[in-house]
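Given as structure tokens, the chain that follows is alone and in the form predicted on its own.
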């Protein structure tokens, strides 16, 4: 089930959210700790008009909520609302024991969700605590804080470790834990939580529109093929909006989601656990992934960088779609020899693909990087020139300038990678950053009259090739696909 958490200050606001999202959500959680005091006496009427199952929750500050009064006062409030309202569930914390309150819930056939929140990490006794709650006939719910891939693996292992508990909720908070919310059934959970668009009720909450329409989380089951993108950071990625609508358009039972990763080896352990079929690879793992590949394409061998990994029987195969995705918007210029001299900003995995693509088309290339030694190494490998990033004279006379670094991307959106360079207006600026759509350097180039190629072009080109590699099907272009 998909549950939307209601955090409005008034019942009017919460009623509006229910009306807007009643077709997407299976139930709603009313967080009365967010309500204005004057609204509490109107709660019974609100529950009767909701038209959907409701969870009653009053969360304390220490558990991530806003309730500041005593537990005794809270118990009295909850008892009064349970008596007067129409509820399916009440959420009570693991350490909040009030026999009268529990008896009231049971007498009214209101199921008790017994929850605990760990805002610091994943407790060593996680599974033991959930089993103890289940033995009391209550629904165990744990919200823990994942701080890396190992924590995410622990949460997903609950599907087998806690298989004897038919109904439970186990989710990891924060960016690391987002896969546990989307693939909630793979943790053995019977529901997951989302927020209304534009607001996040808890760290890592996605909005209900994304959960229902983009990821179709409630339809993901044991037979769903799982794909994704790995990187750090990665939650900004638009790739899910390339792949998921195309899966749906072709009737392919698959989902594509972001995985924030700290270690490639640990991710591959998770990939085996979840039976992940393929991943896109982004910064900073395009080279780090190479030792784990059993087979690589010709482009990967030449470039030394991999942006696509697909499972083949007992090994992983690496290919590079960045190469062709980059070339697509400029092939006409290359064939017409309008691009003969290029400057490439950066010397990472994306830059390697760009430099090799240009060198293979007989371009003169100068590589500029903040760490000159990295630029020098890549230049020696590719037969290019190199310079320090602040040597803007090395850019002069370029037909094409390619920006491959994270400058311009959040949280570096105010950074211009070439602040001292004055555009002449004849250059083509090819920006690989696609969020935001217009970066600081793009604004300067546009003001000088330069032609711009936005990062969206390369992202889309390489993503379509990835989709076809993953599925063996042609990408279904339509109004419902490529919606970013």
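Positions refer to the first chain, counted from 1. Here the rigid core means the biggest group of C-alpha atoms that line up within 1.5 Å when the two forms are laid on top of each other. In this text, all values refer to a predicted model and were calculated from it rather than measured experimentally.
Heads up, the form predicted in complex with a small molecule isn't pictured, but that's what we're talking about next.
Participant: Only one of 159-167, 259-267, 123-131, 344-352 has heavy atoms within 4.5 Å of the small molecule in the predicted complex; I'd like to know which.
Facilitator: Of the options, only 344-352 has residues within 4.5 Å of the partner.
Participant: State the residue from 150, 377, 80, 370 whose non-hydrogen atoms include one within 4.5 Å of the small molecule in the predicted complex.
Facilitator: Of the listed residues, the single hit is 370.
Participant: Could you tell me which one of 310, 283, 293, 201 places a heavy atom within 4.5 Å of the small molecule in the predicted complex?
Facilitator: After the contact test, the surviving option is 283.
Participant: Test of understanding: in the predicted complex, would residue 407 fall inside 4.5 Å of the small molecule by heavy atoms?
Facilitator: Flag for residue 407 set to yes.
Participant: Going by a heavy atom distance of 4.5 Å, is residue 415 a contact of the small molecule in the predicted complex?
Facilitator: Yes, residue 415 is a contact residue.
Participant: Tell me, yes or no, whether residue 208 is in contact with the small molecule in the predicted complex, where a contact means a heavy atom of each within 4.5 Å.
Facilitator: No, no contact at 4.5 Å.
Participant: Is residue 171 near the small molecule? Define near as a heavy atom within 4.5 Å, in the predicted complex.
Facilitator: Looking in the predicted complex, residue contacts with the small molecule do not include residue 171, since no heavy atom lies within 4.5 Å.
Participant: Given a superposition on the rigid core, I'd like a yes or no on whether residue 419 shifts its C-alpha by 2 Å or more between the shown form and the other one.
Facilitator: Result for residue 419: yes, a 2 Å-plus shift.
Participant: Fitting the rigid core first, would the Cα of residue 390 be found 2 Å or more away between the shown form and the other one?
Facilitator: Yes, because once the rigid core is superposed, the C-alpha of residue 390 moves 2 Å or more between the shown form and the other one.
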